[in-house]
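Next up: just one chain, as structure tokens, the form predicted alone.
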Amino acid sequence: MIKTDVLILGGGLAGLSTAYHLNECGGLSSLVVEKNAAVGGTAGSVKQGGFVFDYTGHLLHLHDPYGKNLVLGLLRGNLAAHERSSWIYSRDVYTRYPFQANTYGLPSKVVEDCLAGFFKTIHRLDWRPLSPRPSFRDWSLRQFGAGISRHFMFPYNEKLWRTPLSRMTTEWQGRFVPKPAASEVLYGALADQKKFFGYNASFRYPKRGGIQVLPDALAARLKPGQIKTSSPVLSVDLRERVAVAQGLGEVGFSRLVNTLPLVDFLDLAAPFPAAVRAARAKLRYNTVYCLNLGVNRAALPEKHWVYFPEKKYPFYRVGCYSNFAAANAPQGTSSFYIEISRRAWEKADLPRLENAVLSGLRSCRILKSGDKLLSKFWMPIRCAYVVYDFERTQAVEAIFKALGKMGVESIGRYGGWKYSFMEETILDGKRCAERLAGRSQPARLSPGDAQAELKPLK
């Protein structure tokens, strides 16, 4: 039997970061098991016919000083900085993102509707207070008014989340939904406002190799044999502290770190009390079908991605890989990702959906009638977005309370069952490693520094 102090399930950014920072802390052995032949998980890339396709848009938003220094060090010389060029396509018009601050260019009746509704939210005196945990629908109406909600907030988020907005909380939206001031809403209706809003106003992206180079760089800094790929976990016995992985057999561990989707981990691990099983049944997520395209001409100039709120388009977002990095596509060509959301249990008829997608892309003029598709393939992401309905928080708290008693950490976007971005996932792994090592001071960036005194693993 293989034995390790810490067994890490999943070789995505959260798992790799945990292993890297455990090495930095010193004193504990760890083993990462990954089902795929390559590391990265959904923060990976696929190469086909000279094109590099990610698992949809994966852009680096670096805000934390440690996270920024770590990523810049890992990808030194292979990162470019970009100012975001994101747009919304509705009413046959491109307007700037975010919609609530940029209605200029839309039909005048739409602009008037949005402004009237927004200013009612400021001047109405008969509003009832929102509940402590309002629905996203109620919050949007109070925050932006009926017009902005009707023309963008409702249709776009219904298309993405595939859940009635009256059943969704606001716990997810935080940094992800910009909240402009009244003066900015008014100015953005009267003129082409070029101010940047939101956490992703700028981003970094690799010059070469797609986002795959980031998990590859983390993996390259681990010890030989510390990662086992092509080794899906088949079962986990939490009482006996033994996991079974394909190709490896039994792996004994003292502590376990899960970065797999929480629903998957709960389905393959045991034993759990009935309360955890009941909570697991309340976890919801949706699936994203990503269609990747390589096209025989240059892309839309200066557009990184575009949101599509209207029902007539089956996709909610289209992004351009080759505008992130020219090396993502052969010279004179371009590459795109097109995202379509479905409920977890819904099956997609991909040939039919593909026809609808291509028709929609021609309708909005992203594709032209004479374009030749040089590369085309679907990339389904089964567990793509965690749905923040009113059952999620209580269910997750009950599950994590039980896991904590069992000596299990569940972290990252999917292990933590949350909506987050890559830097946060890397930091999740850092904090997890420090907890496991009993260490309070920050982990070092350089693996060559002297080891700190560590508390024993409990």
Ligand SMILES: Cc1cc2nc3c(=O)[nH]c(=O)nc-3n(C[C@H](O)[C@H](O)[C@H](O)COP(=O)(O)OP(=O)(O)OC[C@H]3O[C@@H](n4cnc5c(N)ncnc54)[C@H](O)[C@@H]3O)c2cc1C
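Quantities reported herein were computed from a predicted structural model and do not represent experimental measurements. When you see a residue number, it is the position in the sequence shown, counting from 1.
Keep in mind that the form predicted in complex with this ligand is missing from the display, and what follows is about it.
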Among the candidate residues Asn36, Gln48, Thr393, Ser29, which is the single one with a non-hydrogen atom no more than 4.5 Å from this ligand in the model of the complex? Asn36
So this ligand isn't shown here. In the model of the complex, which residue out of Leu403, Leu427, Ala43, Leu70 has a non-hydrogen atom within 4.5 Å of it? Ala43
Partner-proximal stretch of 378-386, 81-89, 307-315, 269-277 relative to this ligand in the model of the complex, 4.5 angstroms, heavy atom: 378-386
Whether Thr56, Ser231 and Thr259 jointly form a contact site for this ligand in the model of the complex is the question; each needs a heavy atom within 4.5 Å. yes
Taking any heavy atom pair closer than or equal to 4.5 Å as contact, tell me whether Val408 reaches this ligand in the model of the complex. no
Do Leu13 and this ligand come within 4.5 Å of each other in the model of the complex, heavy atoms counted? yes
May I ask you to state whether Arg431 is within 4.5 Å of this ligand in the model of the complex, using heavy atom distances? no
Considering non-hydrogen atoms and a 4.5 Å limit, does this ligand approach Tyr66 in the model of the complex? no
Within 4.5 Å of this ligand in the model of the complex, which residues of 326-346 have a heavy atom? Give them in sequence order, or say none. Glu339
